[in-house]
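Next comes just one chain, in structure tokens: the form predicted on its own.
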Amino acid sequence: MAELSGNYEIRRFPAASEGKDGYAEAATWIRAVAFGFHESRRTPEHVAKSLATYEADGRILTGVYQTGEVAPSSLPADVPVATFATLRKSLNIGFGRTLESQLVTAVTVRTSHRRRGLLRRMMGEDLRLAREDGIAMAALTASEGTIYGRFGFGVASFERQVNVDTTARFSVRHQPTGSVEIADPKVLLELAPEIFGRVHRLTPGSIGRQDWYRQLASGSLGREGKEDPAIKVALHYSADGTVDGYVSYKFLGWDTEPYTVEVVDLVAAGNSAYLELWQFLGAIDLVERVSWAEAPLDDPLAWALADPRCIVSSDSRDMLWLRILDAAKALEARHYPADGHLVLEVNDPLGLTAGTFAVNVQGGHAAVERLPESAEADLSLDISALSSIYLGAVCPVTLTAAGRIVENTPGSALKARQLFAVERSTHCLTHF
């Protein structure tokens, strides 16, 4: 518990499932989160199911509470005026390597208590504690694009909404090597984590999933807090009969035109599995369009279609935001596809990992040395920019052109682009 000026205190406590100590406090906290994100008031059943998944994830819940007099007839003092939660999952940082990361979620501040430093205090303390605990990276997904840069977070992956025309013009130029079969949705309660684990190991930018995802994909717990009977599931079997992919989907009804199937979750642990799941989706009777809100930017489907104009997509949007907490540790953790030497002058608005660092890469490994402040740097950049280029999805040359990186040594931004490249396109399938 920490006192704040202005009659507030911060409390941190673990998520607790129904029947356990702390459940009432956690239930009140989760209702405050729902209010902050403009959700309908959650039923007791929805709260209980949500907190069961939170407990499974080991979430730590943070609330800011009023300690002074509460306005008459307003929400009582046991309802937090600001919320914040964290859980720890692995981040794929390229070439099969993972880095344990502090995931930040459920960030809200009640309208009547803004501009009092509550978010800054919660965020600053949490990131400091994570760094002291040896965590080198923090991550979040943002509902607004202007909030988190000031805390050192930078956009590190993108996604897009696609609508795919699956009428007669839809044709994937791929000869199937496996097969796709319909399954009872509940099989994903066991299969989904296993299949996703394979995808996670293969995909730079992937974040380990929270327990809720298997509930969502199987239709056991929809976004409204109850079972979703509309969910259907198809599994992909490789040539040897191993399940290596699935798609969870639902038909949006006869009132939606064109007749549309919505992808709830599509996870494929191989190129053939991905294309063959799309071949299945494109062959569903009476359906004219398939929509997917979390499609990758660099999508193999577009290059496999005989007519790539079957895909109509939205503009890309930011998905994963990263925040390096320990520059030396994070830089030494990943593999590099090229040898080279760079000196980085890193600024940090929270003072967690500022400094000048010499990065010497040989044989894929980086040795990082902290240099005196007077040392000359090849690149000068904020920690948010370093966090953005860390997984290769954001180009250092582009950030230099935007004024986010200062290139002191000509050609060093291009060198950084080569060093920070990863083996395939960065994509994060996990919202949190």
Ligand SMILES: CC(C)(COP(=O)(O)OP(=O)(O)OC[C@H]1O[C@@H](n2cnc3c(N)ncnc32)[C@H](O)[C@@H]1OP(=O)(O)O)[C@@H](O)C(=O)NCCC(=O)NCCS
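For every residue, the number given is its place in the sequence shown, counted from 1. On a predicted model such as this, the values are computed, not experimentally measured, just so you know.
The form predicted in complex with the ligand exists for this protein as well; it is not shown, and the discussion that follows is about that form.
Exercise. Out of the stretches listed (327-335, 304-312, 101-109, 280-288), which one is close to the ligand in the predicted bound form, meaning heavy atoms within 4.5 Å?
Worked result: Result of the contact check: 101-109.
For this session: Using heavy atoms only and a 4.5 Å cut-off, determine which of 248, 272, 86, 141 is in contact with the ligand in the predicted bound form.
Result: Among 248, 272, 86, 141, a heavy atom within 4.5 Å of the ligand in the predicted bound form occurs only for 141.
Exercise. Quick one: of 128, 116, 174, 201, which gets a non-hydrogen atom within 4.5 angstroms of the ligand in the predicted bound form?
Worked result: Comparing distances to the ligand in the predicted bound form, the residue within 4.5 Å is 116.
For this session: Tell me, yes or no, whether residue 187 is in contact with the ligand in the predicted bound form, where a contact means a heavy atom of each within 4.5 Å.
Result: Although the ligand is absent here, residue 187 would stay clear of it in the predicted bound form, with no heavy atoms inside 4.5 Å.
Problem set entry | is_contact(residue 293, the ligand) in the predicted bound form, heavy atom dist at most 4.5 Å | Result no; residue 293 lies far from the ligand in the predicted bound form.
Exercise. With the cut-off set at 4.5 Å between non-hydrogen atoms, does residue 357 touch the ligand in the predicted bound form?
Worked result: Heavy-atom contact with the ligand at 4.5 Å: absent for residue 357.
For this session: Using the partner position in the predicted bound form, report whether residue 147 sits within 4.5 Å of the ligand, counting heavy atoms only.
Result: Output for residue 147 is yes: heavy atoms within 4.5 Å of the ligand.
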